[in-house]
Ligand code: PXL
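The chain that follows stands alone, in the form predicted alone, written as structure tokens.
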């Protein structure tokens, strides 16, 4: 069985990050281990959540894993609460091999999240150089590359962002949250070969969909699917989940009932 490590926050209420990655990656037929970066009473879409950074515990956890001979076929990195965590994750990636999927969670709609600083952005630039696969949204790609942010970029502007992200050295870059007229999807590149997928927009804001996308991409890649196959499967799954979520709520999306679809489609690739 393939071994996946998910490194991101544990939000106790609100389906996102680890509470999404663990069931989704497991449902895909992989063993999913976790390394919480931060304990949150809720995700940050709720007002003033309680936070406890686990930065000081991360190296000790990795030390124990090495003692018992643990290893991973893929490491997926999500939300990090401070620049020091990016350095801790960089050390982790030096210890454990496999596919390295980095979702540089920092902002959306052209703005940084409230807790993210310029020091955080700079630390993420350094961490991205250790990634095999990078999954920035448009805001994060603009922040990391220094290129202008555009709400609805043209194909050529997407190519410029992809090229800028490729300079970090990753084999695969996938720009998420790309909007065009009445559609939403991604534009990606693997070793210079472009691929994309778009689905009709659903008029509701849903939390946790980026984490779902990253989890499915990681699981599919570790099971031998191509980046284009993995990203398209992830986008189709997320689109179904949004459709199944009848009411916009900060508590998260209704992904559980769509897991059989994910399993079926995965094994048809």
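This structure is a prediction, so every number in the text was calculated from the model and none was measured. Numbering follows the first chain given and starts at 1.
Unshown form predicted in complex with the ligand; subsequent notes refer to it.
The stretch from 221-229, 58-66, 43-51, 234-242 that comes within 4.5 Å of the ligand in the predicted complex, counting heavy atoms only, is 43-51.
Residue 105 belongs to the set of residues with a heavy atom inside 4.5 Å of the ligand in the predicted complex. At the 4.5 Å threshold, heavy atoms of residue 16 reach the ligand in the predicted complex. Using a 4.5 angstroms threshold between heavy atoms, residue 195 stays clear of the ligand in the predicted complex. In the predicted complex, at least one heavy atom of residue 113 sits within 4.5 Å of a heavy atom of the ligand. Residues of 151-171 include none with a non-hydrogen atom no more than 4.5 angstroms from the ligand in the predicted complex.
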